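First, one chain by itself in structure tokens, the form predicted on its own.
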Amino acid sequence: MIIMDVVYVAWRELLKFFRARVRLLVTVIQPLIWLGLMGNMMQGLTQNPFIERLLGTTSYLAFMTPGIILMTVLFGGVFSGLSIVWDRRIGYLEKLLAAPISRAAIPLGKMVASAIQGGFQGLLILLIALGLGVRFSTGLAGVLFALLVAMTFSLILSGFSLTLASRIKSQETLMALVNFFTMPLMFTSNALFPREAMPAWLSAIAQINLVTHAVTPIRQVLLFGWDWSSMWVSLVVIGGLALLMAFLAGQSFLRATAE
């Protein structure tokens, strides 16, 4: 049954993730540095009434928290494809292909594992933000919603990475490609600064940016409350892209391993 096959592959990936102690340590330290240093460094911005109106909150730390969640998930999700390249290099991929499991379950399982990792990382960031004084207007329900959006976003990025990895045999080439896409995605979005403060051309790019569509519902729910009219378009976009990337990752992997 393909569901059990997906669970098996996802479980293996999660074991690798939680056994990598250095990686787990970095997962905690990196957002702590972003939130603790940059969040407080930029806090003086909200003393300007105009900036405060642009941010919609008196705390820049609260404004940037959703962006830091997506930044962490972004850089984690796009490197999911490295596991395919590594499994191919050490010969484990051949064993998986010879095992009595669905081949489509291999990329799908890795995507599910990436989504769970993204949810775990998002939860850590929210706890750190809470410890630094950020308060969430919708409570536990809003936190769970934010984590679900972050996990869906991780599915998109991991699916994209796995689609590339199905064809690319070199770790160096894959890392160069995903880095080429991730930095522009992050810094042409509203993750760290409001679109209203951007030049017109950059604001137009940010409006259609995938990261913006993921940040918008998280920021809305955590900071301002439930307003579905301002979120539904973004939710449809990221939900549809997650399904599309799951399909593309599965088809690309099947074609690559059938050759």
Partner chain sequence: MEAVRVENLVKIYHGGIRAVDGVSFTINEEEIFGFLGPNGAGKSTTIKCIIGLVRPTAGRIWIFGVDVERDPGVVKRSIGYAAQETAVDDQLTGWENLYLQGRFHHLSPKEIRARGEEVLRLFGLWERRNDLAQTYSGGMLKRLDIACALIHRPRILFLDEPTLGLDVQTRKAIWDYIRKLRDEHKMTIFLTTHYMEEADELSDRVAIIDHGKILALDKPGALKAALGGDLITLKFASQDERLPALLSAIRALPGVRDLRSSPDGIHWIWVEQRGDQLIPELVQLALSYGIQVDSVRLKRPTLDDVYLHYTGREIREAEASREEHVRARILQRRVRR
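Positions refer to the first chain, counted from 1. All of these numbers come straight from a predicted model, not from anything done at the bench.
There is another form of this protein, the form predicted in complex with its partner chain, and it is not shown here; the text below is about that form.
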A98 near its partner chain in the predicted bound form, any heavy atom under 4.5 Å?
-> yes
V9, heavy atom within 4.5 angstroms of its partner chain in the predicted bound form | yes
For R89, is any heavy atom within 4.5 Å of its partner chain in the predicted bound form, or not?
-> yes
May I ask you to state whether L15 is within 4.5 Å of its partner chain in the predicted bound form, using heavy atom distances?
-> yes
Select, from the options 121 to 129, 74 to 82, 149 to 157, 101 to 109, the stretch whose residues sit within 4.5 angstroms of its partner chain in the predicted bound form by heavy atom distance.
-> 101 to 109
